[in-house]
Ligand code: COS
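There is one chain below, alone, in structure tokens, taken in the form predicted on its own.
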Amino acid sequence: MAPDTTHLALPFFDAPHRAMAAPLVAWATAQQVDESDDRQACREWVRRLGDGGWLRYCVPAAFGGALPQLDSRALVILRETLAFHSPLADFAFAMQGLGSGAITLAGTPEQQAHYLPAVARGDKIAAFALSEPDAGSDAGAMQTIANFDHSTGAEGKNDSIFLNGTKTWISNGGLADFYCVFAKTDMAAGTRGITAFIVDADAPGLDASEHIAVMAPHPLATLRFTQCKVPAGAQLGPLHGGFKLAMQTLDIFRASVAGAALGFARRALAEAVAHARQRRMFGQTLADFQLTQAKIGEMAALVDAAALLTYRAAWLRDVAVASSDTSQNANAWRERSVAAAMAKMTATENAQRVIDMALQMHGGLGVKVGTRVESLYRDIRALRIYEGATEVQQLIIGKTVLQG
């Protein structure tokens, strides 16, 4: 089963986006990965995505990437297509981009040269470590601390940094070769006192062995830092600039979360259509019933509405980057932020509705473990929470509308 790509004819997309679609669909359709072990499957997907050249869209061309800079529309197309075929394939791709995104944005030339080409090849698995047990959406409540060693090294500089604290709900936790970790460097400054660091998986004092089991296959872990020692050169971006860097990174990938939800919804719609056409009852097919036709019509409209918001959000960001207007114009920044929030909220919520209707249409088969609609029902639930829950997106939109 392959997704329809006619929507790429929309004016939101350029020739390079359309050119990548057919090879991507063909490649994804041909992949068969045993996903009974989600952690091993993620490793395999990273390897295959790297070998296939698709991880090159996670980094800029200067470091082995496919395009001059990160492109939101390309990320959306990739995640939508991969999610249609395998949520774990989408996860593996997305985390390579999100996990290394802060290095792309703020890394030193040495950091970028060391990590980004390996990410593009699939040689290093990346992770993004922001959330904490008591600091999910409230990053200002972060308790992980970074202390600088003020002893003088051979070059008259601080030799190392020590991290102490806990991060949780970390995607690729225990799998990653490195983590972009956000920690407090000024406990009294709230979000203004956060700094980012690159922590290699073998750093002394890092324990990533506590895996978290969730309702859909998704490698997650809790990270514990106990006097975790990293070199001074591990600081990522400016001192106390971590919160802004985290938000910039998430901003790039928020529209792609909507893209993944679209992939789930399109697959659910395709499964529902195929089932309705072949399922016979009372001397006709399920598709012959008007109630079925009405549901299919509603599902298709929900998918298209979410798609238009998603593609608009990605297009707005790419246009801003191309024109170098990424922060100077406050009104333009708010427009992009609201567009991304609308896309993420609508695509994930609509996908939940579409998948629920597809499952209902399958009847008893819909709740049988192992069927595609049953697994999609579990897969979509997390997307409504991570990278900003629906309620957070509602607040972003509502506050902006009220401000006028």
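From 1 onward, residues are counted along the sequence shown. Source: prediction; values computed, not measured.
Just so you know, the form predicted in complex with coenzyme a persulfide exists too; it's not on screen, but the next bit is about it.
K.L.:
Given that coenzyme a persulfide is left out here, which of P117, G233, G205, G136 has a heavy atom within 4.5 Å of it in the model of the complex?
P.N.:
Contact residue from the list: G136.
K.L.:
Select from the listed residues A305, L250, V214, L239 the one whose heavy atoms reach within 4.5 Å of coenzyme a persulfide in the model of the complex.
P.N.:
In short, L250.
K.L.:
Using heavy atoms and a 4.5 Å cut-off, decide whether L130, Y386 and K399 all contact coenzyme a persulfide in the model of the complex.
P.N.:
Every residue of the spot touches coenzyme a persulfide in the model of the complex.
K.L.:
Picking from 277 to 285, 137 to 145, 104 to 112, 222 to 230, which part of the chain touches coenzyme a persulfide in the model of the complex when contact means heavy atoms within 4.5 Å?
P.N.:
Among the candidates, contact is made by 137 to 145.
K.L.:
Taking coenzyme a persulfide as it sits in the model of the complex, is F289 near enough to touch it, meaning that at least one heavy atom pair lies within 4.5 angstroms?
P.N.:
Answer no; every heavy atom of F289 is more than 4.5 Å from coenzyme a persulfide in the model of the complex.
K.L.:
Quick one: is W315 in contact with coenzyme a persulfide in the model of the complex, heavy atoms, 4.5 Å cut-off?
P.N.:
No, W315 is distant from the partner.
K.L.:
With a 4.5 Å heavy atom cut-off, would you call R121 a contact of coenzyme a persulfide in the model of the complex?
P.N.:
No.
K.L.:
Using a 4.5 angstroms cut-off on non-hydrogen atoms, would V25 count as touching coenzyme a persulfide in the model of the complex?
P.N.:
Contact with coenzyme a persulfide, no.
K.L.:
Between 185 to 204 and coenzyme a persulfide in the model of the complex, list the residues on our side with a heavy atom within 4.5 Å.
P.N.:
The stretch 185 to 204, when checked against coenzyme a persulfide in the model of the complex, contributes T191, R192 at the 4.5 Å heavy-atom cut-off.
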